[in-house]
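Just the one chain here, the form predicted on its own, laid out as structure tokens.
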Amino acid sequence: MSLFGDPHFAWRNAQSALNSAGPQAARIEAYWWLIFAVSALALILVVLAMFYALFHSRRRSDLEPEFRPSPKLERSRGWVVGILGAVTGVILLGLIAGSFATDQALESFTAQDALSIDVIGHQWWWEVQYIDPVPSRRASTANEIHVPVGRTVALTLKSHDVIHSFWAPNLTGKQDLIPGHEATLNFRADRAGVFRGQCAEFCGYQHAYMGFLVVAEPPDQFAAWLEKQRAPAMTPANPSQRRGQEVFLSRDCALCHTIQGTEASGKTAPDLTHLAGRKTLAAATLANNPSTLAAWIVDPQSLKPGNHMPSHLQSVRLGGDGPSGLLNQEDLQALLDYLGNLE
């Protein structure tokens, strides 16, 4: 069974630096295998030398310990040590040269005709903005980066609060996000798939659950997806969804979240304009389906403790819709119907 029940999350696309899907990750993978081969060979030689010494000493157990070897034997052993030291030095220099060549290849990766995307790290989620010279053609999403196969992507990385680190091992190396500074990272996906990424710099309580997905798809599918993201949210189609929109706009949801085409314009939490079209919730922590969405709304602290979304557990338990503005079961269901319509 693949992660979240989605066939795209099969092992072939799992988060792994040894399963490259782009030229930069392939460079890193090739260097990793070089280090692995050298290390494995060194381990084998050391183990063989150890067994040789053990069995050789058993066969010569009747001999007296050699406290003062002959000058000739000393010289021969010195040559052996010197040669082994020189070989070790050459190997280390080769690994350094390989590291330098890999870094140069990553830095020289061109960004001509690149797709420009801003990625902003928050505690503990990712804001994704698709840049366009025409402001009305820009699009925003969260925790999910769609890219076209075969086209270079130029990321501009920023942090909203503390140091984060962007790492999509199937596609490229790590890049830190430092508050007050912009960093850039270019990569290209050469095959379609859904690849998981992760914040790779400890950034607080929920650092381990600050993931994201990179969805690489054919150019025509990507173009259709991006055009859909530029559109405002879908209009409620029935009374329940209309009631859910009212619930969303009249409570604290609209203070933090944005839904294009409505009065909700909060900037401190993920844009929910096309929430229903995403694969996961809570920064790739939960599958995006009605049951997990309901659990997240009611009590997000039980699923991702310390996150900045307030809990509505007490509201749902108490019910009612009086002066306290509590969220009852009917309002919760209407809210789920509305959010489930935002594709």
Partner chain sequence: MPGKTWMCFPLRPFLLSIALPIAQPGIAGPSQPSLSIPTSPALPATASEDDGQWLMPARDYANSRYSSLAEINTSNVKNLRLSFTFSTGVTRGHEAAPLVTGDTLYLVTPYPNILYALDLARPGAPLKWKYEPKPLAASQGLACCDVVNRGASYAYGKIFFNTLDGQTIAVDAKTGKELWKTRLGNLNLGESVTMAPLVVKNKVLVGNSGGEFGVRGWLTALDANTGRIAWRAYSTGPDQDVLIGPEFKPFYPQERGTDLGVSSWPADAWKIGGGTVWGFVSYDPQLDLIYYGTANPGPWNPELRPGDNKWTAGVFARDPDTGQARWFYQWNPHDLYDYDGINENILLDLPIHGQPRKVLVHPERNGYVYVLDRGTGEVLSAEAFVHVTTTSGVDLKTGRTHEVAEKQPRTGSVVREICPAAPGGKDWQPSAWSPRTGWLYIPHQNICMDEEGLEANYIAGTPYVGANVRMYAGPGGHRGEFTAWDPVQAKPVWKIKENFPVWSGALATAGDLVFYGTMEGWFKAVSARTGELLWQFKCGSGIIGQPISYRGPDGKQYVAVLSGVGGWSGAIVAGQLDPRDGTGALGFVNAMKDLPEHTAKGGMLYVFALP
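The structure displayed is predicted, hence computed values, not measured ones. Residue numbers count along the first chain shown, from 1.
Keep in mind that the form predicted in complex with the partner chain is missing from the display, and what follows is about it.
- In the model of the complex, the partner chain sits within 4.5 Å of a heavy atom belonging to residue 160.
- In the model of the complex, the partner chain lies within 4.5 Å of some heavy atom of residue 266.
- At a distance threshold of 4.5 angstroms between non-hydrogen atoms, residue 136 is in contact with the partner chain in the model of the complex.
- When contacts are judged by a 4.5 Å heavy atom cut-off, residue 260 counts as touching the partner chain in the model of the complex.
- Per the 4.5 Å heavy atom criterion, the partner chain in the model of the complex is contacted by stretch 250 to 258, the sole one of 237 to 245, 218 to 226, 250 to 258, 148 to 156.
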